[in-house]
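In the form predicted alone, a lone chain appears below as C-alpha cells.
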C-alpha cells in the first residue's frame, strides 16, 4: 500500500506517516512547509519506504504524478490555527478550497480513495451538545473572518460528497476535534502547546475570556489510529465521522493542570478576546463530539488520557 499524505510534514501528518511506515507501508509526503516542519519527519527520512516532496498541493502536474502513483490519499494539508486564520485569511480560504479541489479532481481522474480531514469548526456556533455528524452548522456573519475557516472546510465537505455522489469517487470525511501531542506548535494559536511553553518558560499562562469555555482533547496517536481504521473499512466510504475525545475540560482547568504538571510558578493571566484576536471575535462555550459513529464502525476508543498527553508535550519541549 502506497499512501499519499498531503501536509505530511505537519503535526498530524507526521504522526500518520510514522504510523503507516511502522506497518510496512509505503508513504509519499507532499508539504510546502508553510505550517509543517521538516524536523517533524527528519527521523523518518532514512526509511526506504518514504518519499518526500517539498512543494504545494497547488502544483497540479506534480500532484497528478503523485496521485497516479499512490493507492490512497490522506488529504491533511490545510491552513490551521485561529491566529493564522485571522492574520492570513486569503491563504486560509485559498489553501482549503482550491487545494482540496485539486486533490479531489485528480483523485477522481484515477479513482483513488481519499480521506478529507475536516474540522469541528464546521459546527460553528451550534449549542447542541454533543455534536453529531448530521447536526446543523451555525456560522457567524461574513464580516467576521473567524468564520472563513469553518466555511472553507464546509465547502471541502460539500465538494467531497458531491464527487462521491456524482462521480462515485470513494471518499471519507473526518471532523477532527482538538488533536494534541508532541510536535504540535503553539505558533498559530494552539492552546495546549502554548500553555506548555508558557509554563516551562515561566511566562504568564494566557487564558482568553473567563476560561470557562470547554473543549475535548484527543491524543494524536488515537486520532491517527482512527483515520487509518476508517480508510481500511469499506463501510466508511461516503460518510462523515467525528474523530476525537469526548471528555470535557474547561480552558482554565487545563491551564491549571499544565501549570501543575510542569512544576511552574507562572501566573494565570486572563486576556480579552478582542485584545488577542480582533474586535467582536466569537468563540464557542463548549465543543463536544459524539464519537459513537466511528466507535460502532471501527471500535475506535480514545486510550491516552489528557494528563499523559500533556506529559508527552512537556517532555517534547524540554528536549
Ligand code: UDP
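Just so it is clear, the model here is predicted, and its values are computed rather than measured. Residue numbers count along the first chain shown, from 1.
This protein has a second form, the form predicted in complex with uridine-5'-diphosphate, left out of what is shown; the following refers to that one.
- No residue in the set 59, 74 and 95 has a non-hydrogen atom no more than 4.5 Å from uridine-5'-diphosphate in the model of the complex.
- Contact check for residue 189: a non-hydrogen atom falls within 4.5 Å of uridine-5'-diphosphate in the model of the complex.
- Not displayed here, uridine-5'-diphosphate is approached by residue 207 to within 4.5 Å at the level of heavy atoms in the model of the complex.
- uridine-5'-diphosphate in the model of the complex is not approached by residue 257, whose heavy atoms all lie more than 4.5 angstroms from it.
- By the criterion of a heavy atom within 4.5 Å, residue 251 is counted among the residues contacting uridine-5'-diphosphate in the model of the complex.
- When you look in the model of the complex, the only residue of 228, 215, 183, 175 with a non-hydrogen atom within 4.5 Å of uridine-5'-diphosphate is 215.
- Taking a 4.5 Å heavy atom cutoff to uridine-5'-diphosphate in the model of the complex, the contact residue among 219, 118, 152, 194 is 194.
- Stretch 282-290 is the answer when you ask which of 49-57, 36-44, 22-30, 282-290 has residues with heavy atoms within 4.5 Å of uridine-5'-diphosphate in the model of the complex.
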